[in-house]
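For reference, the chain that follows is the form predicted on its own, supplied as structure tokens.
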Amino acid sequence: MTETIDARSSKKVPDGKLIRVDLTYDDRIESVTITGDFFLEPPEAREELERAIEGHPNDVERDELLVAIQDVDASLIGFTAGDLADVTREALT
């Protein structure tokens, strides 16, 4: 049985916003919460982004996360999909 781990990572995007990712994972990412001082359009897209990250294996590659994040129909203001993928990967290490 794999241990369940709670992890957090954050990043202040240069000339941008703060992104914080809290997640719980074992072999797979079980739950994700994205917070920070960024903006999303529409605001409800935050939950869609969280669902897009959940379920991936804990050794997911950055590019796979990037594709999942980019598949969400949202405008990310003050950060990029790559920033979110990087913060998520950092929390998993």
Partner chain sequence: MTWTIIDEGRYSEPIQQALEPVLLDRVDAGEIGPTLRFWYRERPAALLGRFQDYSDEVATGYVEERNLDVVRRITGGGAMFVEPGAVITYSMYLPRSEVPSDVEESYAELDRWTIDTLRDLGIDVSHEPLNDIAHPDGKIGGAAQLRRENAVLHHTTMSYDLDIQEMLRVLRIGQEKVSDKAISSAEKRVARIGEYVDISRDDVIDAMVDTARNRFDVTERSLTDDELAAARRLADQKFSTSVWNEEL
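Residue numbers count along the first chain shown, from 1. It should be emphasised that the depicted structure is a prediction, and the values quoted were computed from it without experimental measurement.
Not pictured, yet referred to below: the form predicted together with the partner chain.
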> Is Val60 close enough to touch the partner chain in the model of the complex, meaning at least one heavy atom pair within 4.5 Å?
Replying inline: no
>> At 4.5 Å between heavy atoms, is Thr35 in contact with the partner chain in the model of the complex?
In response: yes
> Wondering, does Val13 line up within 4.5 Å of the partner chain in the model of the complex on heavy atoms?
Replying inline: yes
> Does any heavy atom of Ala68 come within 4.5 Å of a heavy atom of the partner chain in the model of the complex?
Replying inline: no
> So which of Asp27, Glu41, Glu54, Glu48 reaches within 4.5 angstroms of the partner chain in the model of the complex, heavy atom to heavy atom?
Replying inline: Glu41
